[in-house]
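The form predicted alone is given below as one chain in structure tokens.
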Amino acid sequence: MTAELDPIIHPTHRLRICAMLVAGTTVELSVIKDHLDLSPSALSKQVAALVDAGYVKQERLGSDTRRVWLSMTRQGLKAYRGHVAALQEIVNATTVIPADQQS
């Protein structure tokens, strides 16, 4: 195995947050909250871990300072891609094709 799991991204909610940010570039925090069905405090804790690691950027855009936007940093995108590659390696290494389905 060459890729390694990232301990910051690995918890399920953080992995899902990263997946949403990679798919959406910049996503409003309330959209993530609704999608993950997390309490504000639980979401804040997960986002803070990603921000503290330098994986996610959190900012308020425009005149409405109540709205918080999240986006992946380059470092975060690199870590996310490495984490996904490690997961894929695990799946590929443990997937057994039944003999009757092998070509």
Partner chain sequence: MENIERVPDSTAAREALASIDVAQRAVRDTPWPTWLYPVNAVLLGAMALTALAPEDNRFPTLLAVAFAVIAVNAVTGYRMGTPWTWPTSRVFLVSVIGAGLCMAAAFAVSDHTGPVIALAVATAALYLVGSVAHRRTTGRPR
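Remember, predicted model here, so these are calculated numbers, not experimental data. Residue numbers count along the first chain shown, from 1.
If you look for the form predicted together with the partner chain, you will not find it shown, but the lines that follow are about it.
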item: Partner contact for T26 in the model of the complex: the partner chain, 4.5 angstroms, heavy atom; value: yes
item: Distance check, R67 to the partner chain in the model of the complex, heavy atom within 4.5 Å; value: yes
item: Exercise: K57 in contact with the partner chain in the model of the complex, heavy atom 4.5 Å; value: no
item: Contact label in the model of the complex: V51 to the partner chain, heavy atom within 4.5 Å; value: no
